[in-house]
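This document starts with one chain, in the form predicted on its own, laid out as structure tokens.
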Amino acid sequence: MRLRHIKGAEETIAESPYVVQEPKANKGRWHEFFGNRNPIEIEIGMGKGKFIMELAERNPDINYIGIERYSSVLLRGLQKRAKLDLKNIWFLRLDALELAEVFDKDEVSRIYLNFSDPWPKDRHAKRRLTSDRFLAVYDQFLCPDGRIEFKTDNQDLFRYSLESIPEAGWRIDAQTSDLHNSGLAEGNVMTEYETRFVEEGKPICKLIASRG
């Protein structure tokens, strides 16, 4: 899907007090940046940010970083952020392949992947955020007992992930192809997409993975 570019988005992001402008300078120092030793959780492809901002409101003792590569999408998230009084959340405009340049070994305790681009063509499989290519990146900074939580409405992407994650040496700890009618629904925070899909009656898939 082609994203509509919003004029001035890059400039607004560059001036935003909620965006870390030089994230690579904080590698290994994110606890100093936040000013505490609380766990750090990240969402890759945060979209407009509903999910991660609600997590930050619910869990003041956890630090959150929302990551989005598209300026026009991140801009919408920043507009929401400006209305909230939160001390435990920041944003990055970054490609996920660069994350190991931003986070040091064992620096992140949880990774959220929500409704990622399915990249349906086989030749684009390496672009999927649950491919071995990206799992190798996550492995460089996720804590030993860290987890990946992945949600999607795309059945093909979910089946692919159920295969690709174990093949990359990770373990799937829980899974469901109907999240909202499963035990994994307890405490679930919905994204913008998820809210719409549930209203349309589409089942949501979820898996939780950790290192094998």
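Numbering starts at 1 and follows the sequence shown. In this text the structure is predicted, and so the values were computed from the model without any measurement.
Keep in mind that the form predicted together with a small molecule is not shown, yet the notes after this line are about it.
Original post:
Taking 4.5 angstroms as the cut-off for heavy atoms, does residue 41 touch the small molecule in the predicted bound form?
Top reply: Contact with the small molecule, no.
**OP:** Tell me, yes or no, whether residue 117 is in contact with the small molecule in the predicted bound form, where a contact means a heavy atom of each within 4.5 Å.
**Re:** Heavy-atom contact with the small molecule at 4.5 Å: present for residue 117.
Original post:
Can you check whether residue 70 is within 4.5 Å of the small molecule in the predicted bound form, heavy atom basis?
Top reply: Yes, residue 70 lies within 4.5 Å of the small molecule in the predicted bound form.
Original post:
Given that the partner is absent here, does residue 191 sit within 4.5 Å of the small molecule in the predicted bound form, heavy atoms only?
Top reply: So residue 191 counts as contacting the small molecule.
Original post:
Among 89, 102, 96, 75, which has any heavy atom within 4.5 Å of the small molecule in the predicted bound form?
Top reply: The residue from 89, 102, 96, 75 that makes the contact is 96.
Original post:
Taking the partner as it appears in the predicted bound form, which of 139 to 147, 61 to 69, 26 to 34, 170 to 178 has residues with heavy atoms within 4.5 Å of the small molecule?
Top reply: Partner-contacting stretch among the options: 61 to 69.
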